[in-house]
Ligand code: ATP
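Only one chain is included here, represented as structure tokens and corresponding to the form predicted alone.
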Amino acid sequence: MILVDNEVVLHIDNVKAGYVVGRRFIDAVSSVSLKLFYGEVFGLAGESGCGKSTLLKVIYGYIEPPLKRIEGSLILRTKNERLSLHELSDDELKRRVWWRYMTWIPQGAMSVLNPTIRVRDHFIEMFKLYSNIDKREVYRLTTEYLEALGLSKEVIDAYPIQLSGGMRQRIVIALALLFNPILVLADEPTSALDVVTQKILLEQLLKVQKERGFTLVLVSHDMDVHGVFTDRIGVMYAGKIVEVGSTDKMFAEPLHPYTKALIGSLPRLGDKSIRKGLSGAPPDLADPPPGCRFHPRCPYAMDICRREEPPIIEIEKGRIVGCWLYVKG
């Protein structure tokens, strides 16, 4: 896939956000800048608590206390308009952007689906809110979407509680894709499922993504998932993006010490050596360490790492890293 700047669907520039808890500020997303391109699968990787889910909430505009966006811009480029998401009110986001251009796939399907109404009624309600088609067309489109994700049309008459976790998650995905959005944010969409079901569901989601050409942001702490399903990866550590690059190049030659540790911990076929994890723990984001936030756990840490935050350096086109090891002079 060849990606150029004029294919950018979302430009995130210097976004800072976090959680206000009493007098403390939890710096969960710290000066993050990214470009997402039309038709790609972008993986967001990192340990639990590194800010992945918070970044998705900020992108989507789902900002409720104690979460607060401090600064930065988010520009969504559709085929016909340029939307400054950071300037839109909650009502404008819901009316102009959500479902039509951008949608969200959360982790837990049962937190989205109403257990007291049938599957078909979830789709009918959505069409009532965002479309004017008649009920027969609703049924036709609903069964079409469900079948595309491996569900039989009989599911339409079931209650969510009668279905397995994997089936419920497919229904949530079908709802998210109803109006052909251009950007889909998937926050650990298979984390509550068994390994086999995870693989099947992700394969079905990626099949639909390729057919429709939307941009998919896939959040997962599992580097294996990113290695199989993504085109590019952004690695987060302690609220910051520390490396971005194509999946192939990142797995072949990870640059940042944290990325090296994540990929180096993966099991390899035929390799019986003991995999080594990172020592230590992620920092307290209410009081992060000075300099590079990774330096207390980094085997390559230098004096400057403890004093100054590293700049973001473009090693080659589309390949960036934030690490003093790559600063010349």
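In case it trips you up, residue 1 is the first one in the sequence shown, and so on. Note that the coordinates shown come from a computational prediction; the quantities given were computed from them, not determined experimentally.
FYI, the form predicted together with the named molecule isn't displayed, but the following is about it.
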### Task
May I ask you to check whether A28 falls inside a 4.5 Å heavy atom distance of the named molecule in the predicted complex?
yes
### Task
Check whether G39 has any heavy atom within 4.5 Å of a heavy atom of the named molecule in the predicted complex, and answer yes or no.
no
### Message
Can you tell me if L34 lies within 4.5 angstroms of the named molecule in the predicted complex, counting non-hydrogen atoms only?
### Response
no
### Query
Is L278 a contact residue for the named molecule in the predicted complex, using a 4.5 Å heavy atom cut-off?
no
### Residues V21, E47 and C50 all lining the named molecule in the predicted complex, heavy atom within 4.5 Å
yes
### Summary
Of T247, Q209, T197, Q107, the only residue with a heavy atom within 4.5 Å of the named molecule in the predicted complex is Q107
### Summary
Within 179-197, the residues having any heavy atom within 4.5 Å of the named molecule in the predicted complex are E188
